[in-house]
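Only one chain is given next, in structure tokens, and it is the form predicted alone.
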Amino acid sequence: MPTVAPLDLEGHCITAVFLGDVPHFALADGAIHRLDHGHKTVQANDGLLAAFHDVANDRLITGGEDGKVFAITAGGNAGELASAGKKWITSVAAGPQGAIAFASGKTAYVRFADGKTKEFAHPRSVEGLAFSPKGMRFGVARYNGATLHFPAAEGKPVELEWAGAHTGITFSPDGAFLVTTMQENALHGWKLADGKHMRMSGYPGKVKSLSWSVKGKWLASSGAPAAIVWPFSSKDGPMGKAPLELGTRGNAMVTAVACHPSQDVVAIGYDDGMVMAVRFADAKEVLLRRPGKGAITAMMWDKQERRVVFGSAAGDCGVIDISA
């Protein structure tokens, strides 16, 4: 039976990640808590709005109401990477070669590893950012679609149009697909080779959490009473195919999903604080955490595939040990 080591904090947990092997919890007040031979805390932003786990560099990138971008590394080191003056930083992302992106209002910025920064202005506000896993390019979610920029080269951005407000963005691990979350209860996708559209709708709620499975064969999503998992293994992605519905519960909504690092399994967090792991092949469920205070907002597996770290909207956080 899995065991839970709880960490009850005050406030909304924006993200929960492992840096090194140490669980870190970033709260909305900008405090970064960690379980490292006891409970320790370091202050990053004064008011945290966005966080992104930079896996390649084992660090957490944060942006906030203080107009600053921080990098937090294992051991609780918080260093300022960039500043946008008094403007709120509402989105952050990390890319290849140590580059990061951050957004404030209608402007997206890319900061290269050498400290140089490039600005990209947009007609409407920048809602989400993501780097492609292939090459130096990044995508912006915006009103009526997405924009692809190539920050290391001079040239026009690629505009991908679809009516509506696009709020979040992710590339598939092979770089072949771009998917956005929308203000309406839907996802939208583009096949980048030919611009073909992929419409993924029918959600009863907004999709706030996405997670690609190992090798990008599946895309798991929140926003329903089950984890909705779309198949992306064929060249046209999920078009004409039904998604898997995993971990269905009649009286709760899925609020967070985190795919397993090496197996076709997804950790599912619900609005009542429950966490389950479910296998794609046969929909077998394992209860990882009983319901608790607050909706699950974030989860991540560790590299050893033995532990899941989680955070909630009420600050009820913790680490689930599956090998117990």
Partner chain sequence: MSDAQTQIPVTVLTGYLGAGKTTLLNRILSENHGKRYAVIVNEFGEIGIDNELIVESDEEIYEMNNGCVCCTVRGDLIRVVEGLMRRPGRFDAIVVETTGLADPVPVAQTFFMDDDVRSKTKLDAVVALVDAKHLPLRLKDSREAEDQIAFADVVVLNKTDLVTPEELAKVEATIRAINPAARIHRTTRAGVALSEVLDRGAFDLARALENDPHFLDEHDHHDHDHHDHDGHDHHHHDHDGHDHDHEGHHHAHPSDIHDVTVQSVSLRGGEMDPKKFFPWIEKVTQMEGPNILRLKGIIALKGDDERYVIQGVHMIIEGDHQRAWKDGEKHESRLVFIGRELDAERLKKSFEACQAA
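Positions refer to the first chain, counted from 1. Because the structure is a prediction, the values reported are computed rather than measured.
The following text describes the form predicted in complex with its partner chain, which does not appear among the structures shown.
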Worksheet item: If contact means any heavy atom within 4.5 Å, which of 32-40, 276-284, 293-301, 261-269 contacts its partner chain in the predicted bound form?
Response: 293-301
Fill in: Site test, His12, Glu65 and Thr167 vs its partner chain in the predicted bound form, non-hydrogen atom cutoff 4.5 Å
yes
Worksheet item: Quick one: does Ala121 come within 4.5 Å of its partner chain in the predicted bound form, counting heavy atoms only?
Response: no
Item to complete: Check whether Lys86 has any heavy atom within 4.5 Å of a heavy atom of its partner chain in the predicted bound form, and answer yes or no.
Response: yes
Discussion item. Whether Glu161 contacts its partner chain in the predicted bound form should be assessed with a 4.5 Å heavy atom distance threshold; does it?
Written reply: no
Worksheet item: Any of the heavy atoms of Pro96 lying within 4.5 Å of its partner chain in the predicted bound form?
Response: no
Worksheet item: Tell me, which of Glu245, Glu184, Asp174, Asp236 has a heavy atom within 4.5 angstroms of its partner chain in the predicted bound form?
Response: Glu184
Worksheet item: Which of these residues, Arg249, His197, Lys215, Lys206, gets a heavy atom within 4.5 Å of its partner chain in the predicted bound form?
Response: Lys206
Worksheet, complete the sentence: Within 221-236, the residues having any heavy atom within 4.5 Å of its partner chain in the predicted bound form are none
